[in-house]
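Just the one chain here, the form predicted alone, laid out as structure tokens.
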């Protein structure tokens, strides 16, 4: 089976093709991980750097321009093309595609609309079953993509093997921060979530205060390498159970910067960076990063104590690319259970993870979506 996957939830236009033979989850036969045949990602980061964030209308127009060429390149990369009459240009060989998967929700509505309309049209035109995939599910399933080419972390186990159930997944991205328990494929239980801001959004806002470029995650991580993580003591939110809160941490950093440069709290936050030295920016970045990592992993440790049967920890989402988070998580948990991260190229938004999520939906017996009825009404739950 070959699955064409499409992703357009925010500011990356992506397509991928994966192959494999899904085994029904009720079968005793082992479930082999799918093979990635191609993955193409066109990012809009360069467009939005000067704005300091994504402009939804511009993102949607960029998706509209890129999506069909990106899909064609996925076919070319997978070697699934054929000659078309007298033309020298190869055309996509749809006879070799068995299903189409597309990010359905959550995300920017305009961006999602381009991806879902494209997938629906192709599904109808080529008579292929359509699988509408939840974005957070896709990020989790990025850990089922082989990561042998990723040497950023050292593990004590074979990272080409799939995570084992039951598992705990820490999902950390620009829009979401959650702890999800999975007892088997496509069985999700949200046991912790943010009550306000996502950790990725917090990274972006702190980067803006410090005058660091967008996106904030990589900028803060780079600055933190030259900073003292113990220079500024920042508060740990006292939130009950397994939930998170990051709005207070943002305010705490803002007040600490204002105090450091000796200005009143009414001083505009966008002018603070002009008063900070390069070393001060690095120290604030390192102190914030250390605090954010501690908040995330303290909650994960609490979840692990509540679910002692956990066999794997899966960290997913764009913030999972953070080197400090990866190294600290390994040092803290690898003696208790296996800790998985996606390869760096699959940590951010991409279509390969969408295809893998669809692969395991098929294996679980989930029925395809009617392309004539699919909508993009936002939903917060994993589905």
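Keep in mind it's a predicted model, so treat the numbers as computed, not measured. Residue numbers count along the first chain shown, from 1.
Another form, the form predicted in complex with a small molecule, is not on view; read the next lines as being about it.
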| property | result |
| --- | --- |
| The single option of 181, 281, 250, 176 touching the small molecule in the predicted bound form, heavy atom within 4.5 Å | 176 |
| Among the candidates 66, 339, 36, 321, the residue which, in the predicted bound form, approaches the small molecule to within 4.5 Å (heavy atoms) | 321 |
| Non-hydrogen atom within 4.5 Å of the small molecule in the predicted bound form for each of 185, 299 and 303 | no |
| Residue 99 within 4.5 Å of the small molecule in the predicted bound form, heavy atoms | no |
| 4.5 angstroms heavy atom contact with the small molecule in the predicted bound form for residue 92 | no |
| Distance check, residue 135 to the small molecule in the predicted bound form, heavy atom within 4.5 Å | yes |
| Interface membership of residue 77, the small molecule in the predicted bound form, 4.5 Å heavy atom rule | no |
| Per-stretch contact check against the small molecule in the predicted bound form, the hit in 36-44, 327-335, 310-318, 56-64 (non-hydrogen atom, 4.5 angstroms) | 310-318 |
